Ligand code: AMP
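Okay, here we've got a single chain as structure tokens, the form predicted on its own, with questions on binding and movement later.
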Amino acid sequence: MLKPDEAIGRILAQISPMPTERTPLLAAQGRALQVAQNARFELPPWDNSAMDGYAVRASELPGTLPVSGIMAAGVSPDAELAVGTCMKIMTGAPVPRGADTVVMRENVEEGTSVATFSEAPILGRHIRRAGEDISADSELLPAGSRLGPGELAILAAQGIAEIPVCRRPRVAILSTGDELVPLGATPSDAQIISSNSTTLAAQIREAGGIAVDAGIVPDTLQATVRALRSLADYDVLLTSGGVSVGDFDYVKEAYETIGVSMDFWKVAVKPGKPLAFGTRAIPGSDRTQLVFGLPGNPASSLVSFEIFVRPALRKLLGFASATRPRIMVTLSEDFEKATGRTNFLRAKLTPSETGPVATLLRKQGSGMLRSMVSVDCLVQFDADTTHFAAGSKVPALPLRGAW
């Protein structure tokens, strides 16, 4: 069986970013910039005051000077400070020509038409210089940058109203199993309400894709093939359940029937060993559909998505880095495991002076929904190690932004 990192590498090797589209700036939040953006002009565009205070010539102080005027934000930057005078100035206002320093208002004794400065100021103090933030033609953001509030702000400040991003991939979720009924239906004694479709849809949206619930297919080969064939228009196809070796697991045979070229079927990981990945050439087009067969157990499905599917979606979206950054965490207690498979266990994180401390959730069964609530990270335990002592450092995959 493949190791997890090998499987991820094989998945990403077969993926190219989606075609680009231009989108309004705010609509691009959370997406990846596809073309590097350069500054159209320098910022600030002129020297301006960092404080409410008085624009002065430092060499003329200390002393008392007549106030020759006032500079407010939005006033033309062409004003000039007469020799032997000072000018009241507001934060963000252009510094008048001739002034070389701004003195904070709190350090000035203000009169009716004069201002008294008891100390000599530091030359150049409290002035934001033209271009000190952004120089003209400098790179604002490289391609692949994630567009958060700060990135959107710097583009907006340059008057960039539309930007190129990758089209969001459309992802179909097909749940399998006679035991499942959709949300809103009343299950019989032998049935349960499908939750994986909700979990996967939320994960897809969080990753940046467009999730579409394709419904539930019963456990027959004919029905599974028919359902898979009907989903050819989607960029990515996720099936949940039916990928193991049970008598009613028809997904593998159905994939083969519709022409999916399988890259791998099992991964040496726990939970989620029966995980499939392949590609499907869509007849009559030049498109290739990515196909993932995820386990049916809820926790296995969630973990498999985070480890294998999310990086695929992030690469489709054009991000410079497709995988979440690993962090090192300290175990709060001992952990024992068998060799052979890399384990990813759900955990909560607590901050400490030496870094985050991971406390493993007590119930780690692949079918336990409770173990998916309030999870901060997936702690990674090496396949070939059996004992992990409390206090040891291990890698973890953070699932929440605070980490």
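Quick caveat, the model's predicted, so the values are computed rather than measured. Don't overthink the numbering: it's just position in the shown sequence, from 1.
Omitted here: the form predicted in complex with adenosine monophosphate. The next part is about that form.
Asks: Which of these residues, 151, 249, 235, 306, gets a heavy atom within 4.5 Å of adenosine monophosphate in the predicted complex?
Replies: Here the answer is residue option 249.
Asks: Only one of 193, 156, 73, 320 comes within 4.5 Å of adenosine monophosphate in the predicted complex by heavy atoms, so just point that one out.
Replies: For this set of options, the contacting one is 193.
Asks: Go through 99-107, 277-285, 294-302, 160-168 and give me the stretch that gets within 4.5 Å of adenosine monophosphate in the predicted complex, heavy atoms only.
Replies: Of the options, only 294-302 has residues within 4.5 Å of the partner.
Asks: Whether residue 204 contacts adenosine monophosphate in the predicted complex should be assessed with a 4.5 Å heavy atom distance threshold; does it?
Replies: No, no contact at 4.5 Å.
Asks: Can any non-hydrogen atom of residue 94 be found within 4.5 angstroms of adenosine monophosphate in the predicted complex?
Replies: Contact check for residue 94: no, nothing within 4.5 Å of adenosine monophosphate in the predicted complex.
Asks: Any of the heavy atoms of residue 180 lying within 4.5 Å of adenosine monophosphate in the predicted complex?
Replies: So residue 180 counts as contacting adenosine monophosphate.
Asks: Check residue 241 for me: does it contact adenosine monophosphate in the predicted complex (non-hydrogen atoms, 4.5 angstroms)?
Replies: Close contact exists here: in the predicted complex, residue 241 approaches adenosine monophosphate to within 4.5 Å, heavy atoms only.
Asks: Which residues from 304-328 come close to adenosine monophosphate in the predicted complex, meaning a heavy atom within 4.5 Å?
Replies: Result: empty, none.
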